[in-house]
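Below, in structure tokens: the form predicted alone, a single chain.
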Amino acid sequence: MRGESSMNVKKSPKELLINNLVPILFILICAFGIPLSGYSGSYLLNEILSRLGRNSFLVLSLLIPVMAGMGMNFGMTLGAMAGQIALILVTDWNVVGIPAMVLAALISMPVSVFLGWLCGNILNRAKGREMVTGYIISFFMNGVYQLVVLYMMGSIIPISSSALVLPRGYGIRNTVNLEGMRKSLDNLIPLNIFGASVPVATFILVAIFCLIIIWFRRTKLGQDMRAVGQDMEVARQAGIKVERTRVLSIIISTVFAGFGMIIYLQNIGTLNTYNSHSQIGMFSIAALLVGGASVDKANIRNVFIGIILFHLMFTIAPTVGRNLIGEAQLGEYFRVFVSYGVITLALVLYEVRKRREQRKALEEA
């Protein structure tokens, strides 16, 4: 323990550079790209504030599985699917505004709990390979989701609105208009700063979620999750129900991911029925890693730093590509490339750091 504490306290500049390589790279990319984009400061501020409100809840939902030692929860996509199904139903029932969001959250909750329970139990059978297993589970459940919205809605699940159903009489159209609840939360408490619209109500909700996470870490269940994340065998010997605790962490994450997807889509105002959820897990995880998080350690600060840097890059990339070589599409390719590249780089750096710490521990022993 003494050796571990000394390693945590005394870090060489090289170690600090390696540990923060991903955020440093993104700071350099943004510093290089902002002047080339030609965007004004007020436009960029407006975009960042909007994306902070839109994405924060989703990225925050990833913190609890990390605390429980389960890495990045690629299975959060299951919660996003639950949120989308709830939004389709609420839209069909012609509920609008904040009541629509509340009702959608209530509908998504039991679906998210079931999917999170299912995902958590599968991950318990794949200890040490949770992230890749969660990634594959999200692909499998995407097929189930497509079956529900493409064939069951309108035939088995009653959908009365002709604007939602395909001309054949069943299946949901590619795009669902959420105009009835578009920015209903963002515009609930209007505020403008330097020409930028601030989604005050959304930020209040995000702040409450942050306080819940801080409080949760101090609860008995939160302490159990931290113990399981540090060493499952030691936690088991201490009387903690390891498998149950791990499943609960995934359930909580999936439920909050469903809420986050509802907040995300009310900001967008349009639901792409078959694709809105497909990249949400990847982008949320990439944003968290850009903020300096790792597979075994993440905090609230990483969430907000990551969203700002990652989405600042997302905002300026197409324009930078057009201004540099006259092709905006290059910026689109660059955004996708960076999303996958960040995750790969972060995982490689995590493994390098883990092996280096193990080697130092052996040398000190």
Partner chain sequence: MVLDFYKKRSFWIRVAVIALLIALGVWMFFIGKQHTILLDNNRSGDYRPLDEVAVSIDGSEPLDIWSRMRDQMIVTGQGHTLTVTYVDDNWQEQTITRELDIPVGEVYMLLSLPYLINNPDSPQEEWLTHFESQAVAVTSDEGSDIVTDETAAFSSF
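Positions refer to the first chain, counted from 1. Keep in mind it's a predicted model, so treat the numbers as computed, not measured.
One more form of this protein should be noted, the form predicted in complex with the partner chain, which is absent from this view; the next part is about it.
At a distance threshold of 4.5 angstroms between non-hydrogen atoms, Tyr340 is in contact with the partner chain in the predicted bound form.
Proximity of Ile27 to the partner chain in the predicted bound form: non-hydrogen atoms within 4.5 Å are absent; the residue sits far from the partner. Using a 4.5 angstroms limit between non-hydrogen atoms, Pro167 touches the partner chain in the predicted bound form. Residue contact check for Asn94: one or more of its heavy atoms lie within 4.5 Å of the partner chain in the predicted bound form. Stretch-level contact check against the partner chain in the predicted bound form with heavy atoms at 4.5 Å: of 118-126, 276-284, 211-219, 76-84, the positive one is 276-284. Proximity of Arg246, Ser294 and Leu345 to the partner chain in the predicted bound form is absent: no residue of the three has a non-hydrogen atom within 4.5 angstroms. Out of the listed residues Ser155, Asn272, Asn187, Gln230, Asn272 is the one that sits within 4.5 Å of the partner chain in the predicted bound form by at least one heavy atom.
Residue Leu103 is the only one of Ala235, Val111, Met131, Leu103 with a heavy atom lying within 4.5 Å of the partner chain in the predicted bound form. Annotation for 133-151: interface residues with the partner chain in the predicted bound form are Phe139, Gln146, Leu150 [heavy atom within 4.5 Å].
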